[in-house]
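There is one chain below, alone, in structure tokens, taken in the form predicted alone.
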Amino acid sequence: MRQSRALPYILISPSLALILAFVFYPTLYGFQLSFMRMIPLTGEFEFAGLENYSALLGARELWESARVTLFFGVQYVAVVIILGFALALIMNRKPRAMGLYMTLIFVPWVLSDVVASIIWRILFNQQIGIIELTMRNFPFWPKLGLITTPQGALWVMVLLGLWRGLPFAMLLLLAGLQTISRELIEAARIDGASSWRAFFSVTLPLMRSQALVLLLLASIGAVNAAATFLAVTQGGPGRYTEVLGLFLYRTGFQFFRIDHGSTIAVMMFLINLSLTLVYLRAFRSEYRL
């Protein structure tokens, strides 16, 4: 009897050990380093209290990175939810060649960040990029290339994030749409509701939980975005595309300020935690947790 009760804990112990070793311990160690000061010549650490937080909160670079992250996050999250809904509604009607469409849509999702970023960088290359060379014929297109301008480079990254994040958004929302009984939609249509009215009054309220999950995951993904920015723009031109994740990478690994890098990581962790708490608060009213 005791062996049967202990068996589940024995089975999950390897996974739990990996989580403790590669998630919880680095997180706690990062919190510890954020309250330490690194001595430049020796590489040793001494307690500094809130000195790192005070220094970073007064640094212009942090707020510029936060502004870039906010702009990217708002545009990315809004567009990925809207287009994700649109694609999910189309796929929910099961069009012809649906398997082919799904395969094409999911190709960007299965690519790694580095591979997807290299493809995107080539597409907007000033000499050989297909998109760049095609759009250069239009008068509104920058002469030196879209990716060389501050706003243009940031919008390129928004489009890259959308290209990669749209398949998951569509899949999540499509799963929610397929749980809605068609009888509810038909009842609304019989009562005289138009297609738009039925969508906003019946479908959309029933999709609230899936939309909240997507909003949370997309927001956290936007806050933590770093690899694609590093591979495509490297934070340029200037520092106009240096998001918080890239600022963390430069501070901790290029300038080797481990103490400041850990402090930025803790700040990003608190932002993600705040987003999660807001999501749970919104979710509690639906499921009465």
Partner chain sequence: MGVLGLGAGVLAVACAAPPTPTPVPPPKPAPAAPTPAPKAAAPTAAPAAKPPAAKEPVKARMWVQGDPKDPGPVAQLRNVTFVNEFQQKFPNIKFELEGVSERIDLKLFVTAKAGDVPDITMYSGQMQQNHAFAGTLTALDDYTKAEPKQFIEDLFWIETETTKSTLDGKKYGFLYSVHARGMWRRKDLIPDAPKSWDDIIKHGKANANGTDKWGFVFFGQKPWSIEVEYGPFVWSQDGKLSDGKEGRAVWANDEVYNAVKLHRDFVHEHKISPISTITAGFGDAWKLFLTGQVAMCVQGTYGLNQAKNTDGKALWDAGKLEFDLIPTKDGNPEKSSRNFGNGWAWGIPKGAKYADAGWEWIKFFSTRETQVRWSLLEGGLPIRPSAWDDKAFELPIYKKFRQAVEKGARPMDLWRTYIEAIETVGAAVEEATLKPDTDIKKILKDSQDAFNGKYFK
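Being a predicted model, the structure only gives us computed values, none of them experimental. Positions refer to the first chain, counted from 1.
Another form exists, predicted in complex with the partner chain; not displayed. Remarks below refer to it.
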Determine which one of 118-126, 200-208, 154-162, 68-76 lies within 4.5 Å of the partner chain in the predicted bound form, judging by heavy atom distances; exactly one does. 118-126
Quick check on N92: any heavy atom within 4.5 Å of the partner chain in the predicted bound form? no
Given that the partner is absent here, does A48 sit within 4.5 Å of the partner chain in the predicted bound form, heavy atoms only? no
W63 versus the partner chain, in the predicted bound form: is there a non-hydrogen atom within 4.5 Å? no
I'd like to know whether Y240 contacts the partner chain in the predicted bound form, with contact meaning heavy atoms within 4.5 angstroms. yes
